[in-house]
Structures are given as structure tokens and as C-alpha cells.
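Given as C-alpha cells, the chain that follows is alone and in the form predicted on its own.
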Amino acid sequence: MSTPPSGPSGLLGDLQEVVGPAHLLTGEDLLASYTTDWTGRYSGTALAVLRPVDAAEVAGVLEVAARHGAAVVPQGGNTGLVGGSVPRARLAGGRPQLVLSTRRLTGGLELDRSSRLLEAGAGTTLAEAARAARHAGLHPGIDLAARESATLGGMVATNAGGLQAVRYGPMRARLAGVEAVLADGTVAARLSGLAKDSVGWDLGALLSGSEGTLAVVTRVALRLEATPVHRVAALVALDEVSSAVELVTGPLRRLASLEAAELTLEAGMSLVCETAGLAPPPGAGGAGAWLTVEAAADDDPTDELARALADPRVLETAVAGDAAGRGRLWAYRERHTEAVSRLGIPHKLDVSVRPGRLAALLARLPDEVEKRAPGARIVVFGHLAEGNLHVNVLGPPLEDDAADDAVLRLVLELGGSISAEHGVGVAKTPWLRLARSAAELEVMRRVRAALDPGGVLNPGVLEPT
């Protein structure tokens, strides 16, 4: 850490008065982990990183930044994939950028068992929230592979989905209230957690998916679910993707106990087995697709899951009811990201289509990518029940977006979304005009201009180019 004041017009000196010298970071070594995103594909430059401890300090940082003409990039666990939580390479006029880390916003965790609500600072990780809920026999109803580092505030900002959305919905559905600081330092909060409250706009719904462009979320109220008594997982081998789709949209979707239905393919499964040292999955050598399925209920769901899987399209199944066994089955799905990263920095594309169009998307995907990025390697996995795929393209240079364009245009042609759960960030802004109508984009522009007329928060994110 360097010692302010320095920087434009005493900006750093004024910021130090807000957060204190220990929580104003400068210097390349200290800033490195905050200025490059999790994928390694996106990075930028920041004058400093601020680590406020509460909403008052966040308000102070934003007031100082606005006064000095600086931009502020809110950042949670920095697990994003689209460059929205790290500073830009450069802003017009050399405008200084500040990273506002929410990691210290963890105080005052409260749990109301009777209302099934958890209230916590935005810097609280999903894993921390889940552990607190577990002591009361509850769980958040949302789970991500990045649970140990993803923060509640960041999950609101991107409307995270994750592994259990088929049953409990994405973060927007889990959200019972927020406290947030607007660009001018105004603190707005609605944390009542009421099941019914129709007084005007829903602040949480407005901010969910806004990617830090409208306000900085500082506190979150989360709806919880009762923890089921019994849980069973199955790794199911099928001949092809269309069989997996038919199984999930038919017999499995009718199960009230269904909590997850994850799709993996041969390329990804082979890679995971090779890099993680896992044994060949059931059906290896003959299967074209696998489902990792989990069911949970107060009555043991094993028999009803078995009945749903008694289908001629199923080639082979491995089932586990104990925690260790379930973990072994889930490893084939959860270690995909790690395995892909060992091959280099991929072009990561989080997209969705209607489940009935998944087979068509996957059938056309290799040829469309090959036309634009010859020789590229593709690894695909995702949340089948929601039609949400994570497309990883390896090979093209990081600055070459030809493969990205091929994938996103194909998804749009099939009536899908260019972002299912990770946001738009800076990575997908060139496709915003294809994904949203001019009228929708104008609504977004007007709301943003009203709440942040000075353009302090996250410039370049969710802005069509």
C-alpha cells in the first residue's frame, strides 16, 4: 500500500479519509488480484482498490468519486466470467478508475427461522450463508460451484442461477430485500422480508441483474428453504443429447423432489477423467451424454427417481445416497471448469435456449464455430432443465471474438439469450443490440441516467456499442 495523498486532485487523500489507510490499496502487486477477472481474459487498470466496511463508507467512497470525476467498479468475489467486475483497460480522457471491493461487507448476519429469512452483508459468501442456514435446518435454495468465493451481493448483481434453479429459481427469486447505495451516496433499503408487499417498485428486482450499474448492493435478505431429510444423486448415461432432453422435460420434470439436472458431454467427461484422475463414468465408450441428477425430499426419493430413470433411453446409471457417494458422482460435473482451465484461457459463453432447442443448438455448434475459428476445441456443459449451457471455446486468441460471435448469433437465431446467469459485462456488449430491442435498451438507458447521471458506476458494462 502506498501512502496518499496522491493521484488526481487529492482523490486518494479524500478516499483515505473515508476508509482509512489500511483499506485503500495502491501499487501493482496489491491491485493485481482485483484488476484481472477469474477467467484471466479481462483486465484493466485502477488507481486504487477501496475496501469499505459498511454502507456509510460505501456512500462516502461514491460521493468522493463523483466529486473528483472518477469511475467506480463494484466487485464481490471476482468470480465473474464477462469482465464486468474488473476495471476497463482505459476510459475516455484517462478518467481514473476505482475498484470498490465489497468483501468486508460481512457484518451483522441475522437469521429468522420462523420467516425463513437470512440477512447478511453483501460480502458474505454463499458458502458462509449456507453454513449459517444449516444450523437452523434451512438452506439458501441456490448453489454454485464457486460457492466459497461468490458473494451474495455479486450474485444479486448478476442474477446468478446455479445448480438448483430448476426447483428454486435464480437469485432474483431468492431475494427478499436489499440495502444499496446509489451513485450519489444515497442509501436505499427495503429489508422487511415480507411475503406480500406491493408498495411501489421492488428495489431488489430492479437491482438484480443490473451488474453494479445502478447501485452498490451492501446488504441482502435471502429467502431460505427447509433442508430435506433425504437426498439421492444419480449419474445417468444416455445415447445422445435429445434423449437427455426428453428425460428431463418428461419423467424427471414431473418429480417434485428434483433439485438438479446437469448435462455433460463426451468431450468434457473425457477431459475431466484425464485431468482429475476420475474413473470412467457409467456408460463410457457408448454414451453421448450424461445427466447428473439430484432429488431431495423428506421422504426418501430414491424409489421415485429410480422409476423415472427406468427408461429405455438410459444406458447405465450410478446412484448414491450418502454424502461421500454423491460427492464422487458430482465430481464429474463440478470439475469441468477446473479441467477446461488447465488447457488455457477459454472463451466462456453462458447462453440459454428453450430446452427443446438444446439438441439443435449442440448439433449446429461445432460447424458454426469451425467456420469462424478453425481448429478450435469446444467443451460444453450446463443446466439442462433451464436450457442453460456453458460453452467453452479453446484455441482462438483472447482478443479474437469470431467464435463468440458465431455462438451468440446461433443462440439468438434459436430464440435464446446471450447471457443466462453470468451477466453481459463488457464481453457481450457488442451483441446487446441484437439481444434486446431498441425500446428495451432505451428503457435501460433512461433508468441508468436517472440513478447515475454522472456515469460513476461501472461505465462500459451493459452499454451497447
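This structure is a prediction, so every number in the text was calculated from the model and none was measured. In case it trips you up, residue 1 is the first one in the sequence shown, and so on.
What follows is about the form predicted together with a small molecule, which we do not show.
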{"item": "Listed range touching the small molecule, judged in the predicted bound form by heavy atoms within 4.5 Å, from 433-441, 400-408, 416-424, 40-48", "value": "416-424"}
{"item": "Residue 116 within 4.5 Å of the small molecule in the predicted bound form, heavy atoms", "value": "no"}
{"item": "Touches the small molecule in the predicted bound form: residue 337 (any heavy atom, 4.5 Å)", "value": "yes"}
{"item": "In the predicted bound form, residue 348 touching the small molecule (heavy atom, 4.5 Å)", "value": "yes"}
{"item": "Partner proximity in the predicted bound form: residue 390 to the small molecule, non-hydrogen atom cutoff 4.5 Å", "value": "yes"}
{"item": "Candidate from 139, 383, 167, 326 lying within 4.5 Å of the small molecule in the predicted bound form - any heavy atom", "value": "383"}
{"item": "The small molecule: the contacting residue among 333, 190, 231, 223 in the predicted bound form [heavy atom, 4.5 Å]", "value": "333"}
